[in-house]
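Encoded as structure tokens, the following chain is the form predicted alone, with no partner shown.
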């Protein structure tokens, strides 16, 4: 029998083993070539490392040649009936090599990239406990990972097939069952109880000296609201949200402006509703003219828009839409009117509130962030403060913490003069989610904070407040003059 007439079939086991080995070793060899991973460069053939590329192509060819040699060996065994090599021994030694290199890669990764996990540099009071919890959990799980993975591959080597040895059928061991049930139970109980205690402490009742700051999420940005001189955040409601009142604060002038806008919109919609029949006729005439003159071919986009209007008008969808919009806006007006009756709700506490596009905090001062969302679910995430809380529309949430490191100190610690804290959105909320963040600055003193807060404009500008006070003063003066005139003209009243 001629070997050149045989069709050599690849040995799937050997090829899979070599492919797995190559896949595992490649990233470790590449990372070992450089201590620091360089940032990605602009795509260009000139930036390619052709030496490395050709080296890896050559290595791949060598692996394929070795795989083919194994195929030839397997075929030789099949034809001659004699064993050329011990596949069980090869598999066992591959397992040992794999586990040794894999564990070496794991420890290398921890050494060189563990610094980027943001552990041990917490900038909040509770963050130290949080990091400690992570270390304990990681320590237990990492120990179990190393032991179990080592034993798994060691057993593959130690108990590989040997024709001179008979396998032992080991059915059950009560002592072993008890050990691997009780030990994980104790460890998990410790981790769960500590986690529950820590979480309860973090999310428990806040102290009286804690300052409230409202953080408002919307697609795709954040706004913060600070209390003014009265040290009290005003009430809010989503029904009050408008272009000039994005957070829906219960402030008289803003809400009155919104009521006026809604009434104008209702009047416009009612006018459109009253003229719906005339609009239908006009759209029909224009539609017929487009078709008869061929303009629907010359201006297809205009015709498409016109046809949609005409179809909606004829089917009654146009009038139904107007009716729904009118009903929705009248409902909003009724809701606002009911709130306006509650004088305690409109207590003026929000008049001096300040809406900002930056968050400034004082070191070692406790804060309670009150989160709200306007549209979809967002997630407030401040990694350096170990803070994360979902922001759900219609369901206010909160998270209290105390910053312990100023921005200047963090820059010095990290060796980065341009470092800044940020509050990010950690919930995929739409197309611009990636850019949804707000800067957080931690200052060292109340003086710095007060200077910044004084530069922020209040919700109601001083000009409006002064005008209101002037009108009240003029009213009192006018009443006084009227009283004086009455006394002058009626001496008997003296």
Partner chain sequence: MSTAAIHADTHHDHHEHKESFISKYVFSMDHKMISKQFLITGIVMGMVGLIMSLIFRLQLAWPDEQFGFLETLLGKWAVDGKLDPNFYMGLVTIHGTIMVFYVLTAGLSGTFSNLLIPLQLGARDMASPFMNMLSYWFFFLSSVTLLSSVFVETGPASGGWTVYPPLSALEKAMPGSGLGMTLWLAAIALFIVSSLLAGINYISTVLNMRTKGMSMNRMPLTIWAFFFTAILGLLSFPVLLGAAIFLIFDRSFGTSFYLSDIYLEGVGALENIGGSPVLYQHLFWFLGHPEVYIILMPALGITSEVISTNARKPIFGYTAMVISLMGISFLSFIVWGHHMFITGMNPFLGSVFMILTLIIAVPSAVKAFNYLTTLWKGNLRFNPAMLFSIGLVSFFISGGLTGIYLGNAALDIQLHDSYFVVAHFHLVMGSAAIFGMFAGIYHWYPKMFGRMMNKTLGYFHFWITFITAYLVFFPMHFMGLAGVPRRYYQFTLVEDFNVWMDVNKLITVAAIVGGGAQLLFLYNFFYNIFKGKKAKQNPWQSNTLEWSTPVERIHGNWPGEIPTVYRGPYEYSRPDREEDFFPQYEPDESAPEVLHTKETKSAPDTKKVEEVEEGSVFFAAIKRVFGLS
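If you superpose the two forms and keep the largest set of C-alpha atoms that fall within 1.5 Å, you have the rigid core. Here the structure is a predicted model, which means the values were calculated and not measured. Residue numbers count along the first chain shown, from 1.
One more form of this protein, predicted in complex with the partner chain, exists but is not displayed; see below.
**Student:** In the model of the complex, which of the stretches 360 to 368, 133 to 141, 270 to 278, 305 to 313 has residues with heavy atoms within 4.5 Å of the partner chain?
**Tutor:** Looking at the other structure, the answer is 133 to 141.
**Student:** Check each of 184, 221, 348, 300 and return the one that places a heavy atom within 4.5 angstroms of the partner chain in the model of the complex.
**Tutor:** Only one listed residue qualifies here, and that residue is 184.
**Student:** Pick from 322, 92, 227, 259: which has a non-hydrogen atom within 4.5 Å of the partner chain in the model of the complex?
**Tutor:** So the residue touching the partner chain in the model of the complex, by this definition, is 92.
**Student:** Does any heavy atom of residue 376 come within 4.5 Å of a heavy atom of the partner chain in the model of the complex?
**Tutor:** Within the cut-off, so yes.
**Student:** Any chance residue 428 has a heavy atom within 4.5 Å of the partner chain in the model of the complex?
**Tutor:** Heavy-atom contact with the partner chain at 4.5 Å: present for residue 428.
**Student:** With a cut-off of 4.5 Å between heavy atoms, is residue 241 one of the residues that contacts the partner chain in the model of the complex?
**Tutor:** Looking in the model of the complex, residue contacts with the partner chain include residue 241, since a heavy atom lies within 4.5 Å.
**Student:** Residue 149 near the partner chain in the model of the complex, any heavy atom under 4.5 Å?
**Tutor:** Yes.
**Student:** For the three residues 161, 203 and 389, verify that every one has a non-hydrogen atom within 4.5 Å of the partner chain in the model of the complex; reply yes or no.
**Tutor:** Yes, each of 161, 203 and 389 comes within 4.5 Å of the partner chain in the model of the complex.
**Student:** Counting only non-hydrogen atoms and a 4.5 Å cut-off, give the residues of 181 to 220 close to the partner chain in the model of the complex.
**Tutor:** Residues within 4.5 Å: 181, 184, 185, 188, 191, 192, 195, 196, 198, 199, 202, 203, 219.
**Student:** Given a core-based superposition, decide whether the C-alpha of residue 390 shifts by 2 Å or more between the shown form and the other one.
**Tutor:** It does not, since the residue 390 C-alpha is displaced less than 2 Å between the shown form and the other one after the core fit.
**Student:** Would you say residue 365 moves between the shown form and the other one, meaning its CA shifts by 2 Å or more once the core is fitted?
**Tutor:** No, the C-alpha position differs by under 2 Å between the shown form and the other one.
**Student:** Establish whether a shift of 2 Å or more occurs at the C-alpha of residue 330 between the shown form and the other one, with the two forms superposed on the rigid core.
**Tutor:** No; residue 330 is a residue whose C-alpha shifts by less than 2 Å between the shown form and the other one when the cores are overlaid.
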